[in-house]
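First comes one chain, alone, set out as structure tokens in the form predicted alone.
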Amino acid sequence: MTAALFSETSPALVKKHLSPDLYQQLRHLKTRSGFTLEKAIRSGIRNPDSSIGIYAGDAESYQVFSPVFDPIIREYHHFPKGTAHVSDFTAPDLPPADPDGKYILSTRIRVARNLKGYEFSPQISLSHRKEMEETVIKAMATLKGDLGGEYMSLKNMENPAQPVNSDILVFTKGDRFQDAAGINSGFPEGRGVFYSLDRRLMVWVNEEDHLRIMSLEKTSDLSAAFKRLGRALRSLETRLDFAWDKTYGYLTSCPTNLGTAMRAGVHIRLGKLDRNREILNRLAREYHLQIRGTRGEKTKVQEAVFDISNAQRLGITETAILQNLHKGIAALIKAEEHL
């Protein structure tokens, strides 16, 4: 039965782990918000090239549909059964990874967060999306000092793809995977971007998750970006209650982001390694790094500029992610210089 749902060529983990018997067991279940298995796997069915193929519509999805979510999460994250995620946002004092600025163009650390009590983006109603947006706007208005800034609603922008200020990162309607999952529903209503006046802190509201909180540097100073993000989170956590699970950490719409829900990365130009991808890929595996195109996932590498970030998110602390990234970048730069 489940094989007929997915394309024969589908590599999706949900296809692998959703047996016919399990499908029959779960197909009639619903979370309290009305989220169903059919909604959860819709993106994987409609997109034959989906690698995961399942989304969570709310925090409860991870319990109600745990027989399929759990094995997918364990395989993707290499997360042993019986393990519990632990968070640690202690900021280490790391020296700049590229003090002379020869290779690293910029640094970005972001975390995804969803508010407790609200459906996630694939399931949330327009009224709840707007209500949640207002709650977040009020919380962000209390950020002080260098964290203070303004909120810009995407609804009020004539063309979100071309923001008024080019130094403000603005998101557009999600890709076909997110669209099939229902994440684009009502776009751009209830969505916007908060940005600090110095443009070093930005928050996307109601993209794939309720919040994407980003700390940015135009240098290789990972510690500075990490500390700023930590300060922002501690302030927001006094006013917002984030969805958290004792096993899986911070809960997200896509199970690939569970745990820390953190992506710490750099834009780095590696001309020699671009021509020696075997070495690049070996170092990435050794230091648990993910290599993406210049403009992120599913994009091409332009002018030898890579987006390189952590591959691990669950079962590792935020501090450890930063330390691993710092070591990995140092190894990449050393290889680039010696080729």
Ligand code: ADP
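These numbers were taken from a predicted model, which means no experiment stands behind them. Residue positions are given as counts along the sequence shown, with the first one as 1.
Note that the form predicted together with adenosine-5'-diphosphate isn't included here; everything after this is about it.
Remark: of stretches 59 to 67, 26 to 34, 280 to 288, 293 to 301, the one touching adenosine-5'-diphosphate in the predicted bound form is 293 to 301 (heavy atom within 4.5 Å). Shown alone here, S106 lies within 4.5 Å of adenosine-5'-diphosphate in the predicted bound form, counting heavy atoms only. In the predicted bound form, at least one heavy atom of W204 sits within 4.5 Å of a heavy atom of adenosine-5'-diphosphate.
Although the partner is absent here, R263 lies within 4.5 Å of adenosine-5'-diphosphate in the predicted bound form, judged by heavy atoms.
Although the partner is absent here, K130 lies well away from adenosine-5'-diphosphate in the predicted bound form, with no heavy atom inside 4.5 Å.
Interface residue among R212, H85, H77, K227 relative to adenosine-5'-diphosphate in the predicted bound form, by the heavy atom within 4.5 Å criterion: R212. Just one of L169, L143, L240, L94 comes within 4.5 Å of adenosine-5'-diphosphate in the predicted bound form, counting any heavy atom, and that one is L169.
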